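In structure tokens, the next block holds one chain alone, the form predicted on its own.
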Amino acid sequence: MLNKKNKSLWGERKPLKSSYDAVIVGGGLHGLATAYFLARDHGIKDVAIIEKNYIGFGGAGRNTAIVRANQRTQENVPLYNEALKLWPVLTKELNFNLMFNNCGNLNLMHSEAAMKAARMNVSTAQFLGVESHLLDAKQLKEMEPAINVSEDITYPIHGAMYHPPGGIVRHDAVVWGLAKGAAEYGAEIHQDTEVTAINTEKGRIASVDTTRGKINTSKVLVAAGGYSSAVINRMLGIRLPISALTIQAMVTQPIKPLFDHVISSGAYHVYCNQTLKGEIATGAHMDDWPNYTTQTTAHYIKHQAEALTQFLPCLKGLKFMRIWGGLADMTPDMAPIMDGNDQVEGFFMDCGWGYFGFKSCSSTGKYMAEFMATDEYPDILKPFTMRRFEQHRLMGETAALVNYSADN
């Protein structure tokens, strides 16, 4: 990333200062977006983004780049919808091609019960001003002829939920574009720098210790993806109901254009899209046990091949060329935690995103920046308070539960 002059796309590497107005722990999409909007919207430009490895090391660089706003609940849809609308805006503002392609999303339904649930999803989206439609099997086949809608597969397809505004964004382009934009406003990106302690005095943030020295600051945001809960627990003693699990994804050899949309199936636990290079990029369900590894397994290669070739039989014989794993920080209700802490003034957290962190990073950065700058909790973030767990107000986005590890 650095050339001989020690200069990157976002400028020369600068020495770490002894104080900043704000410190962001984590150089992923949420941290970079927050730094960008802190400067753009609130004039807070003296910001240090501290990244243990390199920007985009975590989930930002290990995903399938899908974006959508057809979630299930009225709390989620507005946040993701605003994120979708921000992609073309950011492309222009950052003067950087984020390769946003709103090719549309097709969520396959494999039973009458699923179709009924999809009707509720579609109604929720439409009520909140987000375009969404329900297709029967015949309409789906007309839209994507390659899809197998016959009865001779494990989970026959009854129809699909069609979400035209969704699509894909080039994830590494978003990392570089936001880094460039934040740095142009004055934020400093410090890679290969680890935060070793977050220090408080009289109930408020006082400083951050790093492997390159101490930083005095009054505001700290932890947005470290799958590592956030461990950092927050170890450094501030705040336990979060988050488990880190591995999600695996892979790409095939390139082929001629086959399908135009993002296609996903909850029954098969698979989602896929065809990239600009012609590869089929596909992701699987998360591993069943909490861990901090990004190792890949033959089990998921077999799973993806079997699942994809059931409803896309024309892919039989295609070769997988590359596989990778990333961490998903899952909460019990699979919704994020965006909050401060009553006991530590100046502390903010943005974590627990699980599958969905990439889809929301643009709008989340905007509202987390507002939260940090004003100390006023934006209304759009309030449903995602950590207090929902003690108040038994779990989000209704999914009915799935994950194992909670006390070590987190």
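All values reported here derive from a predicted model rather than from experimental measurement. The first residue of the shown sequence is 1; numbering continues from there.
This protein has a second form, the form predicted in complex with a small molecule, left out of what is shown; the following refers to that one.
Contact with the small molecule in the model of the complex, judged as any non-hydrogen atom within 4.5 angstroms, is confined among 133-141, 253-261, 192-200, 115-123 to 192-200.
Looking at the small molecule in the model of the complex, residues 26, 62 and 357 each place a heavy atom within 4.5 Å of it. Of the residues given (271, 300, 311, 162), 271 alone sits with a heavy atom within 4.5 Å of the small molecule in the model of the complex. Site annotation in the model of the complex: the residue of 84, 327, 330, 215 reaching within 4.5 Å of the small molecule with a heavy atom is 327. Though the partner is left out of this view, residue 371 does not reach within 4.5 Å of the small molecule in the model of the complex, counting heavy atoms only. Remark: residue 248 counts among the residues lining the small molecule in the model of the complex, judged by a heavy atom distance of 4.5 Å or less. Of the heavy atoms in residue 54, some are within 4.5 Å of the small molecule in the model of the complex. Among residues of the shown chain, residue 226 is one whose heavy atoms approach the small molecule to within 4.5 Å in the model of the complex.
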